[in-house]
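Just the one chain here, laid out as structure tokens, in the form predicted on its own.
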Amino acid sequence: MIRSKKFVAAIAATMLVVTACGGGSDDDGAASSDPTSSAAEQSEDAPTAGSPGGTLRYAAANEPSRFDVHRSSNGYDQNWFAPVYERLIHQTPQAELEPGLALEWEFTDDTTFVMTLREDVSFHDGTPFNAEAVKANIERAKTVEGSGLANYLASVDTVEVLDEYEVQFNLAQPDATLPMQLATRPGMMLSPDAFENADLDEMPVGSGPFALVEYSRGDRAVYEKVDDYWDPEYAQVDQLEIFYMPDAVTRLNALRSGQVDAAVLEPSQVSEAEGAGLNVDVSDSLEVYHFQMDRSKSEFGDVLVRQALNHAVDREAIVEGLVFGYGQPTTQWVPEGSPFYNEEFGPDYYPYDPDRARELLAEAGLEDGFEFDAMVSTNPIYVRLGEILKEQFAEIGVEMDLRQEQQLADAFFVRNDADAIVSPYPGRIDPTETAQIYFNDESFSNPGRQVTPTVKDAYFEALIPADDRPDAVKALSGQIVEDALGVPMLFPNAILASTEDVNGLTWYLSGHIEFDGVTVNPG
């Protein structure tokens, strides 16, 4: 059967909470949030709980770049990291912030951020978790060679230990996104005693609900439950196995044959999975399919060229042909319904118009078009998206030489091996975070380090914690569209399938999956 979870209605309440930057706390010491948003929705579809114990086997479409969290180069690594690495701040499925290793947090002024930490927590190697561990993690994430997280923490000047379980972030500039960043990879804590481990890329040492006990690149990761994890309700299975299966047909076959218990599928497989008696959840997501240019290469430094490419893309046709209607076309990095969505730059701002695209190229002095090279991952759905874009760009005289790359993030962001990529992005609830990732001149995921002055100015305005911050963020969102810094195309629905024996598996609006409270009935 299909259980459809619609989270878009919850975005407005969630974002308004996020905009306030977690400044207060409730009577229980938890950071303030809105517990009502989508709660009824969540319980309406909630399956009956199963029995604790057993093994959950999940098939993922992506594999981790590495397990050293500070050197991670791909946002999708979080799916593999979450079981083993505990975060300072958690997110609910609706992307609300809630306590993790930090019990409370607040901005005491625009550039001072204080956290009160959970006590009696240890890393899997026995190292105690405390304020010194937080300081060591943030400093390593900012400075380690090959860091994939430094740009997320660029605003952090120093980290100060106030006492054993209280830590202060002293910021070089205002950064209202910091609590949200600390709810993802930058907030994942690694044992300081493991910093120099030679096998850290394969064997992480965190303080999460599971410990990684076996990892084979290109195949699977095996995790075992940690008995003394602070939240005994989190890990309800004794063992978790995550398999890397890039091909959707392979994932569905593995699910139907009993090789795995749950898998992420493609929209074209919904009817087949339903017919096989599987549970299918169709969920909204902030994930974005996009075309990213290295704006220091080819002809991409010219805004006229970037605007032409936006006009060359038939977003409606891609939604229908690629994801069978399971998605929403977009020119922005947040969906309609968000208080950060700028109505002036709606879905028709760059209508599909090849003639207008050719006019813009001619205005840029490229009447005969141009040629560039691009990469796409080996995941079949992204390969198909790349092929569609190749055809649509060809209609305006632009030739995209497309090749597949298994480790796409490393190839583009680290080795700088192409002019552009066709890629998914897990998405962020606040476009300021997206700008921090892609459109800042210090961004790890901006290999050319090119940014327009208008976007840069709007970005710094949006970083200031203030009551009118949503207006500043909307202005930033619109400026990114006007300057055409990328080509966002659609928000695809997430398709998550499982057997009837799996209970409680939920897709997170943030574009990730976690295993909080999931049970598997004995076979």
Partner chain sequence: MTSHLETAHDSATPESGETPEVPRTPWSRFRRRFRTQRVGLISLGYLIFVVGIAVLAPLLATDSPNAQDLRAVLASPSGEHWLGTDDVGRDVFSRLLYASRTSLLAALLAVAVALGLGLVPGLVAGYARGRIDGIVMRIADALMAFPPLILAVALVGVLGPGLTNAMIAVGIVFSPRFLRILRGAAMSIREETYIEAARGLGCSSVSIIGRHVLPNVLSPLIVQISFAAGTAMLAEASLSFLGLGVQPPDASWGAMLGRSYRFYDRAPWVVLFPGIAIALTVLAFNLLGDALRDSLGREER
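We call the rigid core the largest set of C-alpha positions that still match within 1.5 Å between the two forms. Numbering follows the first chain given and starts at 1. What you see is a predicted model, and the numbers here were worked out from it, not measured in a lab.
A second form of this protein, the form predicted in complex with its partner chain, is not displayed here; the remarks below concern that form.
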Point to revise | residue 217 within 4.5 Å of its partner chain in the model of the complex, heavy atoms | key: no
Is residue 196 close enough to its partner chain in the model of the complex to count, meaning some heavy atom within 4.5 Å? no
I'd like to know if residue 91 sits close to its partner chain in the model of the complex, meaning any non-hydrogen atom pair within 4.5 angstroms.
no
Any non-hydrogen atom of residue 145 within 4.5 angstroms of its partner chain in the model of the complex | no
- Message: Check for me: heavy atom within 4.5 Å of its partner chain in the model of the complex, for each of 272, 380 and 391, yes or no.
- Response: yes
In the model of the complex, the residue from 127, 404, 158, 259 with a non-hydrogen atom within 4.5 Å of its partner chain is 404
If we test each of 370, 349, 230, 324 for a heavy atom within 4.5 Å of its partner chain in the model of the complex, the one that passes is 324
Which of 315 to 323, 413 to 421, 296 to 304, 106 to 114 lies within 4.5 Å of its partner chain in the model of the complex, heavy atoms considered? The stretch 315 to 323
Contacts from 234 to 256 to its partner chain in the model of the complex (any heavy atom within 4.5 Å), listed N to C, are 247, 248, 249
Inset, instruction - Examine residue 156 after superposing the rigid core and state whether its CA is displaced by 2 Å or more between this form and the one not shown. - result: no
- Message: Core superposed first: is there a CA shift of 2 Å or greater at residue 250 between this form and the one not shown?
- Response: no
